[in-house]
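Here you get one chain, nothing else, as structure tokens; it is the form predicted alone.
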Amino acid sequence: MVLAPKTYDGRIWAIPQVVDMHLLYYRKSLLDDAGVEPPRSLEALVDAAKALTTEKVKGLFLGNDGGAGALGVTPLYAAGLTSVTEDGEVGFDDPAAARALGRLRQLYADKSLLLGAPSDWPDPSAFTQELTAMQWCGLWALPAVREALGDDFGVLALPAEGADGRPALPVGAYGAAVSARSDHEKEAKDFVKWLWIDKTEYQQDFALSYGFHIPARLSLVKQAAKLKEGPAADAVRYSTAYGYADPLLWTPASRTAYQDALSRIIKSGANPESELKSVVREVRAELDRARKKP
């Protein structure tokens, strides 16, 4: 999976180093006190966020923009769709996409979302300071959350939307590449192979000693003690079962068109169906442009 964004035209252009991912963190005690189960569908997430919202605590934090930037295309994957199909076509020209994005609008309309937090969604402080009962954040935050809350938290993928959906979360990997214009191309290739293929002990150390990541190789994941228990083990399992990686053809232009539309849906109540029709046209044109050979 982590090779997909680094592969084009049958060739691998970079070697994955470590894997990062986004997760839904939830506070166990707050859910228990409200009689709320960890949500297993987007509909249940909307209901849970509303039930967990009080005068002092919001039910959910998806970022100060309401979730357009943090979630991106994850709701599409939760609906059983994709950003771009394997054969290079638009992957969300489907009514299920509008239903999924409509759920995000409902969260905003219900006033269940934390907005205007001191730190945005990559920082877990809104969650650890009990400004919100649930937060979309990254795997990198897990040690800080554990230090602040002990065992009083769990993690989930974004819950599924509809009968054809499945939980989803974005997975990405830093990559090592070599410049073909270098005067030392062979030496650089040898070094990259030595460090990111041969020296497995260095790879595990890099993943877990200078931040909190998943090693890019499954064999190393199985050896990592820090990833064998609790929410960390759940995160590893979710990354394998539910993770997706944006394909190379999901270009910045397509991403911007989609996220602008998602922002209008969430914050302005724009119609999801009409917004997505416009995005589908823009993305289709961008895919045609990106596939053209120079």
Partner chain sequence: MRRASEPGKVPMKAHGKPLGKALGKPLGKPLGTQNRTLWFWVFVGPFFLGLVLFTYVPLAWSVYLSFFDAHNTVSPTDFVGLDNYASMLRNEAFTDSLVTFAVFSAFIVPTTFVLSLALALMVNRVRRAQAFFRSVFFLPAACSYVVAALIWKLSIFNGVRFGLANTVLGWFGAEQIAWLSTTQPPWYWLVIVTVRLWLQAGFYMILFLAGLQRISPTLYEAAAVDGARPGWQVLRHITLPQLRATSVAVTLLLVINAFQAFDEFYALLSDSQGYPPYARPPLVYLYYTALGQEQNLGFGSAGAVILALIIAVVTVGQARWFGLGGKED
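Residue numbers count along the first chain shown, from 1. None of the values given here were measured: they were computed from a predicted structure.
In what follows, reference is made to the form predicted together with its partner chain, a form of this protein that is not presented.
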Problem set entry | Val192, Leu131, Ala144, Ala224 - the one with a heavy atom within 4.5 Å of its partner chain in the predicted complex | Leu131
Seminar exercise, completed: Of Ala233, Ala34, Ala253, Leu248, the only residue with a heavy atom within 4.5 Å of its partner chain in the predicted complex is Ala253
For this session: Evaluate Gly69 for contact with its partner chain in the predicted complex, applying a 4.5 angstroms cut-off between non-hydrogen atoms, and reply yes or no.
Result: yes
Exercise. Taking heavy atoms only, is Lys267 within 4.5 angstroms of its partner chain in the predicted complex?
Worked result: yes
Problem set entry | Contact label in the predicted complex: Arg289 to its partner chain, heavy atom within 4.5 Å | yes
Exercise. Is Phe127 one of the residues lying within 4.5 Å of its partner chain in the predicted complex, judged by heavy atom distances?
Worked result: no
Exercise. If we take heavy atoms and a 4.5 Å cut-off, which stretch out of 237-245, 52-60, 23-31, 36-44 is in contact with its partner chain in the predicted complex?
Worked result: 52-60
